[in-house]
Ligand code: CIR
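One chain follows as structure tokens, the form predicted alone.
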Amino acid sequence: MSVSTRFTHAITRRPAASITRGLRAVDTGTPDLSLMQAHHDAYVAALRETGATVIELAPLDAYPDGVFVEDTALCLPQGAVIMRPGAPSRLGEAAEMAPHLRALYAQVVQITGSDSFIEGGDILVTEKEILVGRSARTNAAGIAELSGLVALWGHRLREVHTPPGVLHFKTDCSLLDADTILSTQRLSALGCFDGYRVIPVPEGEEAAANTIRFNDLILMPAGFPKTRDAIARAGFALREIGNSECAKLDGGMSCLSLRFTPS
């Protein structure tokens, strides 16, 4: 089974009322909780439509960004790695996720270095390697520690760089199949995807770069017709999901779930 596009399980977390205090690079307005929940419901329904088991966790009011569960862990077929988020207000989210993963995986390890920081939004898993972007939330120490852990499971990690001003590596890219990556032009211009087929995100629609491939379906944010058409022309089945409220907190499709097939 593919380690990067086919999954039996996903974990999501319902947004909390405290989401209005969530982190954001630029203030574009206060998220509407009811609309965010409606979008989240559509997202979960699309995952379940593929036949996956979706575990929907309760809101965490103490952690305004807790809905963005991807940053808390890296889930691989052999085991899970609990992350150490680079935003101080999010450090506790990883500890909240750990028992749920231990209930599903035989092996769960974690990033422990006091100077190590790494978030799942900076990690792109492909069939041949794990790409990790150094960013404001993921540092060299975190990448080095993760590299050592996943090497024990036979995975090769390659460090790349996230463009200045971009929150996470996957803010600007996503995997569509084993050989195809959707990417902004500012990211692919760095040469990090040499050897892959790249579908460029049209200028002005950079916010559409973060999608997920979940089994046979691409989930993408609604409102980006040029990107939608480019993905469809490439032969992929896709579903547009409202993301206006998560986008106010720099969130996208991948941020909202952990996707995996447990060992």
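Note that residue numbering follows the sequence shown and begins at 1. Remember, predicted model here, so these are calculated numbers, not experimental data.
There is another form of the same protein, the form predicted together with citrulline (CIR); it is not shown, and what comes next is about it.
Asker: Picking from 148 to 156, 162 to 170, 103 to 111, 184 to 192, which part of the chain touches citrulline (CIR) in the predicted complex when contact means heavy atoms within 4.5 Å?
Answerer: Checking each option against the 4.5 Å cut-off leaves 162 to 170.
Asker: Each of F68, D71 and R90 within 4.5 Å of citrulline (CIR) in the predicted complex, by any heavy atom, yes or no?
Answerer: Answer is yes for this spot.
Asker: At 4.5 Å between heavy atoms, is P15 in contact with citrulline (CIR) in the predicted complex?
Answerer: Taking the distances in the predicted complex, the answer for P15 is no, it never comes within 4.5 Å of citrulline (CIR).
Asker: Although the partner isn't part of this model, could you tell me whether G133 comes within 4.5 Å of citrulline (CIR) in the predicted complex, counting any heavy atom of the residue?
Answerer: Residue-level check for G133: no, no contact with citrulline (CIR).
Asker: Does citrulline (CIR) come within 4.5 Å of any heavy atom of L249 in the predicted complex?
Answerer: Residue-level check for L249: yes, a contact with citrulline (CIR).
Asker: Heavy atom within 4.5 Å of citrulline (CIR) in the predicted complex: which residues of 123 to 147 meet that condition, in order?
Answerer: Counting only heavy atoms within 4.5 Å of citrulline (CIR) in the predicted complex, the single contacting residue of 123 to 147 is R137.
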